[in-house]
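A lone chain, given as structure tokens: the form predicted alone.
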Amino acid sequence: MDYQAVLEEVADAVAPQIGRGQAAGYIPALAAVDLGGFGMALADVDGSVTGVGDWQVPFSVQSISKAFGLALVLAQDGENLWGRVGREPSGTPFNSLVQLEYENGIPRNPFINAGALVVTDRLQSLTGDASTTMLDFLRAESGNPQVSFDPAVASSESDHGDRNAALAHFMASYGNLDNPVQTVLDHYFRQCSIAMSCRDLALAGSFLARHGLATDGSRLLPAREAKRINAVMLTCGTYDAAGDFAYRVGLPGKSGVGGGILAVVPGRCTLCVWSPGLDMRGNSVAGVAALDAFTSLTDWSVF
């Protein structure tokens, strides 16, 4: 398949969607981002990468980092995490407190904010430095040593992170955090602030298309764990719009309010698309449209 031609056709098809939606205004450092950006990259399982538009422009990965945190914890700690966080779609906004009270401090899944805080807590316990562990992993898998935290974004999130602090304190009251709340929050905000391009993210996520094999050919995860991460991405990876995303796109995906979406075609490739205009549920308007167009053109999906 001529990947470049396919991506160019996708970009042409979604051009009217670029600029639609709103930036993530509740994080001031993201609120001023130009909504006119669009990039898309495809990384084949052999490590080759193709892109269109602003595919090499770094952006804030935000909640896409949650997929990598989950992978790192499962790689080091196996199934133990699932006693502290569920695997079911939430049906409520990603920063909701409601379900935590009903479910005694156990988050519904690892991709809502509460669940990601539990994952960060466990990664901190396993490594002693959760955010740096993730950064080192992303640099290695993307082949880009320049991948880094954005201090301005991390600071902005911390200064306006009262809801995340509330989630963390609530879970701590149920004994579902092992580390101090502030330590967990600091590492969580740093992970979300990592800046990467579509190219970097598509390459870094390729282990999910290679059934758990890292860039260097070593086994990061058993194939069954890679399958399970993909499954949770499909059912929970796009906030409370996961059903609509599965219906339109038909791929495992993880979105972030920085406007990026990472999607996986198991056994074939990993895709990353970025456009910062978000819909009401926090997903990129043009990004979802681009992945919809891609799976329609290629007939590649998990269904």
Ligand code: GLN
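Source: prediction; values computed, not measured. Residue indices: 1-based, along the sequence shown.
Although not depicted, the form predicted together with the ligand is the subject of the following passage.
Undergrad: Of 265 to 273, 244 to 252, 33 to 41, 55 to 63, which is the one stretch near the ligand in the model of the complex, taking non-hydrogen atoms within 4.5 angstroms as near?
TA: Only one stretch passes the 4.5 Å heavy-atom test: 55 to 63.
Undergrad: Check for me: heavy atom within 4.5 Å of the ligand in the model of the complex, for each of Ile27, Tyr188 and Gly256, yes or no.
TA: Result yes, every residue of the spot touches the ligand.
Undergrad: Evaluate Ser142 for contact with the ligand in the model of the complex, applying a 4.5 angstroms cut-off between non-hydrogen atoms, and reply yes or no.
TA: Ser142: no, not in contact with the ligand in the model of the complex.
Undergrad: Can you check whether Asn164 is within 4.5 Å of the ligand in the model of the complex, heavy atom basis?
TA: Looking in the model of the complex, residue contacts with the ligand include Asn164, since a heavy atom lies within 4.5 Å.
Undergrad: Do Ala168 and the ligand share at least one heavy atom pair within 4.5 Å in the model of the complex?
TA: Ala168: no, not in contact with the ligand in the model of the complex.
Undergrad: Given that the ligand is not shown alongside this chain, does Asn113 nevertheless sit within 4.5 Å of it in the model of the complex, heavy atom to heavy atom?
TA: Although the ligand is absent here, Asn113 would touch it in the model of the complex, with heavy atoms inside 4.5 Å.
Undergrad: To verify the annotation, which of these, Cys192, Val184, Leu123, Ala202, has a non-hydrogen atom within 4.5 Å of the ligand in the model of the complex?
TA: That would be Cys192.
Undergrad: Under the 4.5 Å heavy atom criterion, name the residues of 222 to 255 that approach the ligand in the model of the complex, in sequence order.
TA: Read in sequence order, the lone residue that approaches the ligand (within 4.5 Å, in the model of the complex) is Tyr239.
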